[in-house]
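One chain is shown next in structure tokens, namely the form predicted alone.
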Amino acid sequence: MTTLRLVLGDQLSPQLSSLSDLAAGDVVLMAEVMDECTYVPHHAQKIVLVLSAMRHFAEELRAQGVIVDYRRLDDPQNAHSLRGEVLRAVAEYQTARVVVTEPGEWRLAQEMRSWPGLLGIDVEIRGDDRFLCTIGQFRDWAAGRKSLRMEFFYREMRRGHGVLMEPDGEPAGGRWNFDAENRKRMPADVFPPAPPRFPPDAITREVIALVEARFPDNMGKAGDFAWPVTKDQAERAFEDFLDHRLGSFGDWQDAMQVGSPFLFHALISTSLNLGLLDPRELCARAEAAYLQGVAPLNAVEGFIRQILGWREFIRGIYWLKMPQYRHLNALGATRPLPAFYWSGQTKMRCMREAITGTIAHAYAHHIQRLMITGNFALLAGLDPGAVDEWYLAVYADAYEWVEMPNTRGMALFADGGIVGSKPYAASGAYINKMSDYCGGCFYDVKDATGPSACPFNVLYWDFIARHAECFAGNARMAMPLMGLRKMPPAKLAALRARANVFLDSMDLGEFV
């Protein structure tokens, strides 16, 4: 009787808990299935990324002598669902039990809990120890707290893992957070080095052809794919970041620049979320760069905070609050997603830059996601479910556990303050401060109410006015609410009228 060990597409780690006691004769099952390729209309490069990385990982296991049963999407016998492929494999191998590492998404976890009854055999679902905080540990940390703030969680993670800590228990540099130093606008005479890209090999080219044939209408061009698909490639990409971009990452991690989608960012989230990179190793190597004097503390702390703090916090929130979390809509937003989110065809230069970059690379950095596309969705009152689906569909690093709390919580405030203490709402002034997007835009960032008024300006004040009562008890919203109260009624009326003209035009599908 065979033990069947199922490895999912985002579990491409040799140290995976379901493989920890792999024995002779065990079969590793990996399956490409249409259900996982189509539950949202994934970017073509996202599908290429996952399928190519899966095929490469299967070959690595086989090279180590592991028996791998790999089910391809174009196999005529493909069951099209993960459950169907597991059923087929159990029957073929007369399996005694199935072993799997817990999935990252709620829908799969719920499905797997039904498998013992369906299969009539034992299904062992093991914890995913590739993260630095278990789901149980996060629940213990969250228990009894009135609010769940990443900053305090992050400090506990730093202490618990001994990262960037002094021998006396104080944080390196005497501060936990150097975020204030990491908000500089990119100077015109600073030119970020191009990150490494990885030309497709024979396996990836085969996957590209498959995706072009099966998903011709999905966003993006599969043939432009150049993301890492193996651990070796992912390691080389991270090494390049350490050598060439980490030192400047801190200063300009929040900056945006026309024609520069990558800037000084690490570009490792695709590899990290697939399991090709280990978060512990990433934090240790970044810390070593600081200790060796290779990179400044503000850059290293900012990078580590994203992994040890934010990534772990977001995962904890997801599993703590699901499944109710996916239905939260604290601000009652219902407007449909505009077509330009899929095409990038808009007069707003900032939105055009963020979306066309996403179409080209299945990537945008965190400020483009939060303060451009997310900020617009917040101000315009776009339906959180539609925005959730868009973010999950268009980014190569997106999985529901990391996407949903970032979108529904951080960007849209649809969770009412579970993730963030205030809405991350901003007018055009913020975008002008942090980017060069406003120069040459059809709209005028300094125009408040005229026909060329920046949509972010008028939508911002319309948003504050719409939700003034809701925000009245939020101390962090005191300043914009005071600005609203002091604004002459005629000016506020003109701002809101211009906002309504813009939104009506957008709803009619006009080019805005």
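Counting begins at 1, following the sequence as shown. Bear in mind the structure is a predicted one, so any value in this text is a computation, not a measurement.
As for the form predicted together with a small molecule, it is not shown, yet the points below apply to it.
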Identify which of Y93, F131, W342, Y399 has a heavy atom within 4.5 Å of the small molecule in the predicted complex; exactly one of them does.
Y399
Assert contact residue (the small molecule, in the predicted complex, non-hydrogen atom within 4.5 Å, options Q257, N406, T230, N218) equals N406
The small molecule isn't shown here, but in the predicted complex, which of 325 to 333, 171 to 179, 289 to 297, 359 to 367 has heavy atoms within 4.5 Å of it?
359 to 367
I'd like to check something about A411: if you look in the predicted complex, is any of its heavy atoms closer than or equal to 4.5 Å to a heavy atom of the small molecule?
yes
Look up in the predicted complex whether I125 has a non-hydrogen atom within 4.5 angstroms of the small molecule, and give yes or no.
no
Given that the small molecule is not shown alongside this chain, does A266 nevertheless sit within 4.5 Å of it in the predicted complex, heavy atom to heavy atom?
yes
Please determine whether F225 contacts the small molecule in the predicted complex, using a 4.5 Å cut-off between heavy atoms.
no
Non-hydrogen atoms within 4.5 angstroms of the small molecule in the predicted complex: do F249, Q306 and W310 all have one?
yes
